[in-house]
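Next up: a single chain in structure tokens, the form predicted alone.
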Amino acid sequence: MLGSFRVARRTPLLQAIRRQSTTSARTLAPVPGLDLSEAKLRRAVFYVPCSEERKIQKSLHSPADCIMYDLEDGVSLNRKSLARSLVAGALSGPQTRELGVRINSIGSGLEADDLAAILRCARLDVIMIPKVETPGDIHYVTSLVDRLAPESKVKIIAGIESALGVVNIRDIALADKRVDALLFAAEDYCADTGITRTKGRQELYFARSVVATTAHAYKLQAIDMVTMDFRDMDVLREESREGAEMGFTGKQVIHPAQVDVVQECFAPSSETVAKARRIVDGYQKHYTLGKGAFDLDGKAIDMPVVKWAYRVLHRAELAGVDGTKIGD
């Protein structure tokens, strides 16, 4: 590590900084408290009903960062057994993306059979637990993981879908080290609270902010709500950009046509990357002069802005966006 700069030594970003900075590698400007440990992106979490073989086969070619095979809302009650029988095949395909399963909620009476069907699958990367309301919901799953698949490296996404889930969100986030992300589900939240969902989404701002803020407080990813009007790409783009501005790192997707738009919106734009490059390069240069804050295009640049710029470049690098090098 480089001071408090938490990032792998040989990432292309760090190599670029070392190679192109005006300072030497020994005097590289430190960035106290900067955390660049995020190893992968989950921009689009794409739900695929596990009772439909045609959709499972199509998912093998999806560019989504995370393919989430669904045993819950996307599967009717009379097809749950069929879905479980197909899930093992879905998790053994050639797909190189992150693969996960959304199980049925804890207390539904279906969750134990879901977990028994998936926990021995070698390609299971993440379990999405819907309708999490207490840490006990997380503990139920992790206890079965420890018993049935003790060598598993599986991660957990906790779905926050009710008022009680929002109230207990801190304890949920801290329930187990395998909790990797918090997810907000708007439709269930509205059903639970009696909220009427509007096009403006202002009635959801508080709950979404709580989810995003709590996730960042505990170094978790934050996954935003579904855009239900899956044919309207303008609404999808608007919601995606808004979610990214609120601090969400990704968004749930229910249709293949939504994937590219979501992943574009949750990756830094070329303009943002260019701005971040200039900030980081300027920081490196001014550090050698003994200056903390400096001027860039008439705006003061200090440490919080520098940290923002490094995070932008790191996410751009993970997303494969061109232009992450410093000081071209």
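Just so it is clear, the structure is predicted and the values come from calculations on it, not from any experiment. So that there is no doubt, residue numbering starts at 1 and follows the sequence shown. Here the rigid core means the biggest group of C-alpha atoms that line up within 1.5 Å when the two forms are laid on top of each other.
Same protein, other form: the form predicted together with another copy of the chain, not shown, and the subject of what follows.
Colleague: Is the gap between T142 and another copy of the chain in the predicted bound form 4.5 Å or less for some heavy atom pair?
Modeller: Answer no; every heavy atom of T142 is more than 4.5 Å from another copy of the chain in the predicted bound form.
Colleague: Answer for R178 alone: is it within 4.5 Å of another copy of the chain in the predicted bound form, judged on heavy atom distances?
Modeller: It does not: once another copy of the chain is placed as it appears in the predicted bound form, R178 has no heavy atom within 4.5 Å of it.
Colleague: Contact between K219 and another copy of the chain in the predicted bound form at 4.5 Å, heavy atoms?
Modeller: Result yes; K219 sits at the interface with another copy of the chain in the predicted bound form.
Colleague: Within a 4.5 Å heavy atom cut-off, is D295 in contact with another copy of the chain in the predicted bound form?
Modeller: D295: yes, in contact with another copy of the chain in the predicted bound form.
Colleague: Tell me which of 122-130, 203-211, 251-259, 83-91 has residues with heavy atoms within 4.5 angstroms of another copy of the chain in the predicted bound form?
Modeller: That would be stretch 203-211.
Colleague: Could you tell me which one of E238, E98, D192, D113 places a heavy atom within 4.5 Å of another copy of the chain in the predicted bound form?
Modeller: Flagged contact: D192.
Colleague: Pick from A149, M246, V154, M233: which residue has any heavy atom within 4.5 angstroms of another copy of the chain in the predicted bound form?
Modeller: When another copy of the chain is considered in the predicted bound form, the option within 4.5 Å is M246.
Colleague: Considering only 130-151, what residues come within 4.5 Å of another copy of the chain in the predicted bound form, judged by heavy atoms?
Modeller: Result: empty, none.
Colleague: Quick one: once the rigid core is lined up, does S269 have its C-alpha move by 2 Å or more between this form and the one not shown?
Modeller: Yes; that C-alpha moves by at least 2 Å between this form and the one not shown.
Colleague: Return yes or no for I67: a CA shift of at least 2 Å between this form and the one not shown, with the rigid core superposed?
Modeller: For I67, whose C-alpha is compared between this form and the one not shown after core superposition, the shift is less than 2 Å.
Colleague: Taking the rigid core as the frame, does I279 move its C-alpha by 2 Å or more between this form and the one not shown?
Modeller: Shift of 2 Å or more: yes.
Colleague: Given a change of 3 Å or more, say if the Cα atoms of T272 and L220 sit closer or farther in the predicted bound form than in this form.
Modeller: Closer together, which means the C-alphas of T272 and L220 are at least 3 Å nearer in the predicted bound form.
Colleague: Since the Cα separation of V305 and R237 moves by 3 Å or more in the predicted bound form, tell me which way: closer or farther than here.
Modeller: More distant in the predicted bound form, by 3 Å or more.
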